[in-house]
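Same chain, two forms, each on its own as structure tokens: structure 1, then structure 2.
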Structure 1
Amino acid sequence: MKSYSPLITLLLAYLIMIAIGQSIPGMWQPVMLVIFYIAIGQALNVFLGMTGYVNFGYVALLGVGAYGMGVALGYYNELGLIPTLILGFILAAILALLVSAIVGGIALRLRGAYFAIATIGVNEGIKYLIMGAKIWGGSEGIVLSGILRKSFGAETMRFLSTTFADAGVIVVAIATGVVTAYILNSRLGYALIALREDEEAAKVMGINVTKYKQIAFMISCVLAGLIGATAWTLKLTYVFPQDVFAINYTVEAIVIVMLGGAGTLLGPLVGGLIYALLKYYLAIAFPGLQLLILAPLLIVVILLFPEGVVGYIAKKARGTRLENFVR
């Protein structure tokens, strides 16, 4: 059970954030912004952190997950509220799984920078396919506010876009942490860490590196799809391809993982906290200049902690009582 001790730290951090959001007026939305960034970092960390492969097409999975929920709410709402929501989560997971299976089956045969280059155009390709072929509304997207109000009433619509959407993001974030902890302590995790450290040596040891990379890639993508379904579609009640496939979400997720510590359970938590709080409060203090100030600050943190903040803390905690809780 000691191997799962960092989960206590993770869950305690979520409880503290939720308590702060509920008890301090005006803090709920900043807290949810932090949890969103932690969640996207955790989902990417399952693949990037475990394998060392950079997936620049990550936002495409957030996008298809958002569309899965959008299609269910927009076209199948006559099924009733609960069946429609269940269908939305299923579609989000299936679409993310299909895209990851296709992209991973092709790109994961490449290594290192070649894989990263191969994934750069994935989100743009899916975006322009939807827009050009006029799939699910094409460039006009899916606007759900009127549909939800008409089908389920104004009160239900507000509940879905506030309480339910926020709860969904929190549940997905916690589930992602649990999945990460399980992978880190499973045969899958050991195989992924082995190939991350030396892929050729892992092959010599008999590890099917392509299979394990594909599994990690698909898990990461499904989790990303569920985040898109909750944090985007349910929260904003619309899906526009120009917005939901914006590559900045991929860049932000990569920064969060590297800041906190790639391949660690608590890395995305710390990285998400640092990134989201800096971005939010710099935007308030220095409107229009926040990105200019944020970039050098992040570079300084990464230079000071090349293994990530959690990697540094874990190294310092070795041999102490904190060792089992920081990983």
Structure 2
Amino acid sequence: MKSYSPLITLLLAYLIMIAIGQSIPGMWQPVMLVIFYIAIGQALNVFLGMTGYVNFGYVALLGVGAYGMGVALGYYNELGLIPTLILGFILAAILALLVSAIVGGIALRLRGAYFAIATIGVNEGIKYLIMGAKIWGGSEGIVLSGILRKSFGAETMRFLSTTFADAGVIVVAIATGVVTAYILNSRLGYALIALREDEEAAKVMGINVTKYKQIAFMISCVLAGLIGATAWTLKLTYVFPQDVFAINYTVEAIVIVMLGGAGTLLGPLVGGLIYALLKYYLAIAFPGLQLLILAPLLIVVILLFPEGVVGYIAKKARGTRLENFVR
């Protein structure tokens, strides 16, 4: 059942969104918000959607990714612009890889509930380590705007925090989609789906479930780290521990995955689109009430549409010509 056709749908959707954002004035900001939410949904989906395991510490990976880029730009900017940026991406990926290797290595040997419990502490644990031990500025965080202006000039800084950051988010978003499509068509994907449906049976069939769970977890976490590096550090030019470890992003990513359809390629796209537009216009109508609206929405989705929008459509499309483009 090798099929990359749904990827066409995904790339087309990105193209249309970028075209809308570029041509209609005032639409670029909501379009970037949508793409950011699709990306965080997509990266979480690689793990949560495919294994059925919940990562309650998801935002911590975006956070350490943001710190990776922040540390490179803040402390190693004498290397020159491009080496510093490369270092930033590498540090973001390595920090995310490190956290996911440790947490996953310990907790993924255990079954779902224990893993979920272990991840609950990740976010708070890392946040308080940084604040308590006063690492990288502690509670004050890293403020980059002054440093960047001094080392690279105001013009470059503006370019970095606008065009470059947006392009970075788009590239990472597309990359998460491509990675998801690749996994769905690979041995890894088949193993993950098998273990999601029945972990015992998968084990008996000779699948090394711990290994595959760990790989999926680390991929998901590194992608999240790269999103944090581009969408937060580059775009906002600061890293504050209270902001980058804010639990609402974990909730938002979970809502997007569940709404769109866990384990599907297009789920996060649909979920992110619905969610981000809802959020953008609800935030204007009901400021500060997003989580109050979101939490019951998540419960309703779990109770009534456990397979999500894309899961539902894919079921309906089975046997029709559209089948190959919805997944």
Partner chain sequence: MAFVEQLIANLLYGAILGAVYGLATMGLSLIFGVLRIVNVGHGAFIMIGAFTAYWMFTLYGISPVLSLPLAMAAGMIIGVAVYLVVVKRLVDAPELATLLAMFAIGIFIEEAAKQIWGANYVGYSWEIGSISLPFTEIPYTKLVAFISSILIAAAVYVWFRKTKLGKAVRAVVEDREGALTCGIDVNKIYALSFSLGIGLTVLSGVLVTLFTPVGINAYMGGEYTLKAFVIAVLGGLASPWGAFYAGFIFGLIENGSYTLLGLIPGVEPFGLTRFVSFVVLMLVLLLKPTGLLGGE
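Computed from a prediction, not measured in an experiment: that's the story for all the values here. For the two forms, the rigid core is made up of the largest set of C-alpha atoms that agree within 1.5 Å on superposition. Along the sequence of structure 1, residues get numbers from 1 upward.
- Between the two renderings of this chain, the form predicted together with the partner chain is found in structure 2; structure 1 comes from elsewhere.
- Once the cores line up, the CA of M27 ends up less than 2 angstroms apart between structures 1 and 2.
- Once you line up the core between structures 1 and 2, the Cα of L304 ends up 2 Å or more from where it was.
- Core-superposed comparison between structures 1 and 2: the C-alpha position of L294 differs by no less than 2 Å.
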